[in-house]
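Here we start with a single chain on its own, the form predicted alone, put down as C-alpha cells.
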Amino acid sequence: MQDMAEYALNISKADYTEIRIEKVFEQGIAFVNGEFKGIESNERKGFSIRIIKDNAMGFYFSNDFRKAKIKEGIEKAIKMAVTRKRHKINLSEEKMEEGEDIVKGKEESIDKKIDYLKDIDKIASGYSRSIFYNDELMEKYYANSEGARIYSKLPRISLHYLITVSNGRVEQMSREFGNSGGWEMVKEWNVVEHIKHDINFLKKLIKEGKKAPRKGSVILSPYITGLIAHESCGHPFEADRIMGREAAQAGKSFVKPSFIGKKYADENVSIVDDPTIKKSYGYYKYDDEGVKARRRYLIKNGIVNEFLHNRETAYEMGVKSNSAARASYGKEPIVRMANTYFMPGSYTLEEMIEDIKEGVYMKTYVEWNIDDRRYNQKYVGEEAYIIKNGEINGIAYHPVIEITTPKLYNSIDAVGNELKFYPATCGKGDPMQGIPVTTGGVNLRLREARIK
C-alpha cells in the first residue's frame, strides 16, 4: 500500500494530491423464519485519488492496482479539474501526521456464528422473523502531498433482527446491534434478552394498547433521542448543507452560518459528535482527509457552538476542519457524522415520570419522518406507555409526536443521566454513501407536547 501511495504522490503534477487505498472484506449470514439462507462473502480492493489543480478539484477511483492505472487516474483527475474551474476549491491549513489506527478484535469460526444465530432464531420460533449478521474488516492507507501518512485497520460487526407478531393486528419490532471490534462484542449486546422482551411486548401491545392522551409531557428514550440528535442536529449542522453546495449531494438545512453563538435549545441541552469513542460503530482516529479526529460540541448548553466541517467548508467559513470528512469505499470524502448524541444531565427516569400529571413515555419508534431542511419532524411510538399522576398507567398504542426542530429543542425541561448508544448506517451523497455511525444519548422530557 505504502509503495503505491508514494508512487502516486511522486508522479502527480497537481497542486495537491491525496490517495486512499482500501481493502474491505465482508461476510454476512441470514436466517429467515428459521431457514438458513446462506453466507455471503465479498472482498473489495481499490484506490481513490483526489487532486486540486488551479483551485479546481478532480477525483478518480479504480479497482485496478497497477501503477499504470494510478498514473492514468491522476491524469484523468487533472482533466476533470480543468473542466470544473468555475467551482474554486481551497482547503484549510491543517496539521498532518504520520500515524496508525489499529483496532483488534477476536475472530470466530463461521460455524460458531451460525450456531449463535440459530439459538436466537429458536427463541422467536412461531413468529415471522428475519435475522442478519454481518462482519467487516477494513484496511486502509491514506497519504497526501502535505505529509499525511495514515494506516488503519478496523473490524466492525453488526446484527439486525425484525420480529412480526400477528394476532388480529400486526405489529413489528426491529433492533440493530453493532460495534467496532470483533466477536468479543457479541456478549455485550444481550440479543436474547431483547428479542424475548420485544415478542412479549408486541403481544401485550395488540391485546392491551390504549389511545394516548392528546396533550401532555412526553419522555423520549435514548433510542429515539439518538435519532433526533442525528437527524435534527447532526445533519442540519453539516457545513456543506448549510452552504448549499449541492442539494443532491448533501441535502438542505434551515440552519445558517449566523446561528453560531445563538440559542438553539434549552440551556440543559448539549449535543456532541465524537468519532473517538472506542468500540463505537462510528469510531475513527483520523478522517479521510488525514485530520486527527476530535470531539465536536455542536450544541453547548443550548448555544450553537460549531458545525461539522471538512477542509473545504472549514476554509470557506474561516475555521479549522474538525475531522468530519468521511467516504465510503471508492467515493469522494464529504462532511459526515460519526457518533452523535445528547450529553447526560442529572435526572433519573423515575424523577422525570413522577413530575408528570399526564403524558407518554416513548421507548422505541416504529416510524419517523423529517423534511429535507430538517425543520419539521414526526415520530411514531412502538413501545410506549401512558403516564398518569406520576406513574406508568398502561401501554400507549402508537402515539405520534409532530413537532418543529426549534419547538422540540426548546421544549426540553429535563435531561436524563443514563447514556446509551445505538449503531446505525447513515446515508448521504449522490451517488449514495452509507457509513457506520452511532446515535444515542439520554432520556429527554418535553413539556406540553401535542400527541396524536
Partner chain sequence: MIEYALKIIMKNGMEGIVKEDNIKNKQVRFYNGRIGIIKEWDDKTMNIFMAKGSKTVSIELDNPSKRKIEETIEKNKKLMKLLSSSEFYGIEKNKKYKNNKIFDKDVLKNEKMISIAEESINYGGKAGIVFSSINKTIIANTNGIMEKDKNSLCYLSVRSFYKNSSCHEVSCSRSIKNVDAGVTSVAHEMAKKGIKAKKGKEGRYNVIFSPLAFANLISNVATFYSAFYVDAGYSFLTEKIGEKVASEKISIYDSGIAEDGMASSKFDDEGIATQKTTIIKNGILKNYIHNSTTAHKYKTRSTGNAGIVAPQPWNTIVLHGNSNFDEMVDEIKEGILITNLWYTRFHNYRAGDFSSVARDVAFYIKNGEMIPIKNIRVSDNMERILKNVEMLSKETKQIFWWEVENPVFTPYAMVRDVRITTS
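Note that the structure is predicted; figures quoted are calculated from it, not measured. Numbering follows the first chain given and starts at 1.
Another form exists, predicted together with its partner chain; not displayed. Remarks below refer to it.
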Note: exactly one of Gly216, Gly209, Gly251, Gly181 sits with a heavy atom within 4.5 Å of its partner chain in the predicted complex, namely Gly251
From the list Gly261, Gly318, Gly168, Gly244, which entry has a heavy atom within 4.5 Å of its partner chain in the predicted complex?
Gly244
Segment that reaches its partner chain in the predicted complex - one of 108-116, 262-270, 279-287, 344-352, heavy atoms within 4.5 Å:
108-116
Check for me whether its partner chain, as it appears in the predicted complex, comes within 4.5 angstroms of all of Ser158, Asn389 and Leu419 - heavy atoms only.
no
Give a yes/no on whether Asn376 approaches its partner chain to within 4.5 Å in the predicted complex, heavy atoms considered.
yes
Heavy atom to heavy atom, is Lys53 within 4.5 Å of its partner chain in the predicted complex?
no
Its partner chain contact in the predicted complex: Ile370, any heavy atom under 4.5 Å
yes
Should Asn90 be classed as touching its partner chain in the predicted complex when contacts are defined as heavy atoms within 4.5 Å?
no
Sequence order please: the residues of 404-426 with a heavy atom within 4.5 Å of its partner chain in the predicted complex.
Thr404
